[in-house]
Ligand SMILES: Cc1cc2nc3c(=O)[nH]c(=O)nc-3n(C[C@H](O)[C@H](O)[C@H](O)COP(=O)(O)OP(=O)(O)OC[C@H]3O[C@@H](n4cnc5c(N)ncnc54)[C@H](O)[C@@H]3O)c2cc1C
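For reference, the chain that follows is the form predicted alone, supplied as structure tokens.
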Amino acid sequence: PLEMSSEVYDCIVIGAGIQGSCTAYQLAKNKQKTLLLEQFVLPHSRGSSHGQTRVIRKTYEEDFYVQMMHESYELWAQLEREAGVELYRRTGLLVMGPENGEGFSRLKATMQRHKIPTVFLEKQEFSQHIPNVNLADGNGALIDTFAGVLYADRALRAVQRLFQSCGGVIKDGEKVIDIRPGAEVTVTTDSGVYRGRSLVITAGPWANTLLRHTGLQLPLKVVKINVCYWKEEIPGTYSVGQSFPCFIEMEPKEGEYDIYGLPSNEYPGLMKVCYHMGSETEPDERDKQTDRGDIDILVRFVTRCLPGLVPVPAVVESCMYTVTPDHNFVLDSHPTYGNIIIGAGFSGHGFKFGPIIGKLLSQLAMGQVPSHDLSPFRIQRFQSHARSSL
């Protein structure tokens, strides 16, 4: 039989991606005895937090995201100071979208309402500011000037290192095989049994697998994203060094997803341009999922809008997204067990929120009133879906 560890942790966090690692770090900083469990050996590339870069921005249509990002920026800067490594590079973010479309108009209005430093580009000045990009007819353009690139892998390692320096314990290569709720939650992995006064589940694509042990299933969809890198015809055309910005192209039709890109940086001479959705997959069988419909969409986009790129992807990597029906996160305690906290449904836009989500989930785990209004993120909103599986 597996050995039961004699100590009781204040909190156990399952899943050492960016959300779990930030949560564990916040707990340890608050003098909570914390254990962070990870099924794969770290670092790994099988979830949603790997890869070198992510976009950080305040450009959101929803006020609550803009407000959370104000604080997230401050917390990233604090992490940077504590870790002593550069985690953020300001590049600006170019947003292109149907000028009269409601998404683009809402975005514009939110930016103005929150006084986010934004530059609105008129059609005629667009090509001066943004060389080598063709603005589609009918599209407007704006720049979020403080947006930029987060160095993802580096950030994840920095947060885990800071967590350990506060006395936190990481056990990787330990897959959770059972969770028993109670005043003390018992978590069994393939190598040990641990007890915690509270439990935080931040397991990305594996969230529902774990929640099954607690009689809850959330309407989470797991999709495999093809992360595509495109070769510059002339190296440096779209590079960070040439101060080329990150970009998002908002799609005009319902049911179509955005296209986004980051300047060439992580792979010299290659630019990351991706479609913001993929095909549904089983997280443990994702390499069987070989759908390339998204790549066809990207080929058309690159051909039309980014003339300086070879319109065939040079490198295709994969990443997993876990998404809720409304694409908003889940940040809530379990409807039956108040000391089990759930963070899920982040994929596609969660990385930049890591530090603030870590703070909010740690507040929930410590039984404190969270410092932001979590009503958009409650489980209750899925009531028709969130069925008890007991």
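As the structure is a computational prediction, the values presented were derived from the model and not from experiment. The numbering used is simple: start at 1 and walk along the sequence shown.
The next section is about a form of this same protein that is not shown, the form predicted in complex with the ligand.
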message: Is W206 near the ligand? Define near as a heavy atom within 4.5 Å, in the model of the complex.
response: yes
- request: Mark E38 yes when one of its heavy atoms lies within 4.5 Å of a heavy atom of the ligand in the model of the complex, and no otherwise.
  value: yes
T324 within 4.5 Å of the ligand in the model of the complex, heavy atoms: no
query: Quick one: does I170 come within 4.5 Å of the ligand in the model of the complex, counting heavy atoms only?
result: no
- request: Assess the spot marked by R89, T91 and Y238: is the ligand within 4.5 Å of a heavy atom from every one of these residues in the model of the complex?
  value: no
- prompt: Taking the ligand in the model of the complex as the reference, which of Y260, W230, F104, Y194 has a non-hydrogen atom within 4.5 Å?
  reply: Y260
- request: Scan H114, K108, K175, R154 and let me know which has any heavy atom within 4.5 Å of the ligand in the model of the complex.
  value: K175
- prompt: 117-125, 197-205, 79-87, 300-308: which one contacts the ligand in the model of the complex at 4.5 Å, heavy atom to heavy atom?
  reply: 197-205
- line: Restricting to 300-316, the residues within 4.5 Å of the ligand in the model of the complex through any heavy atom are none
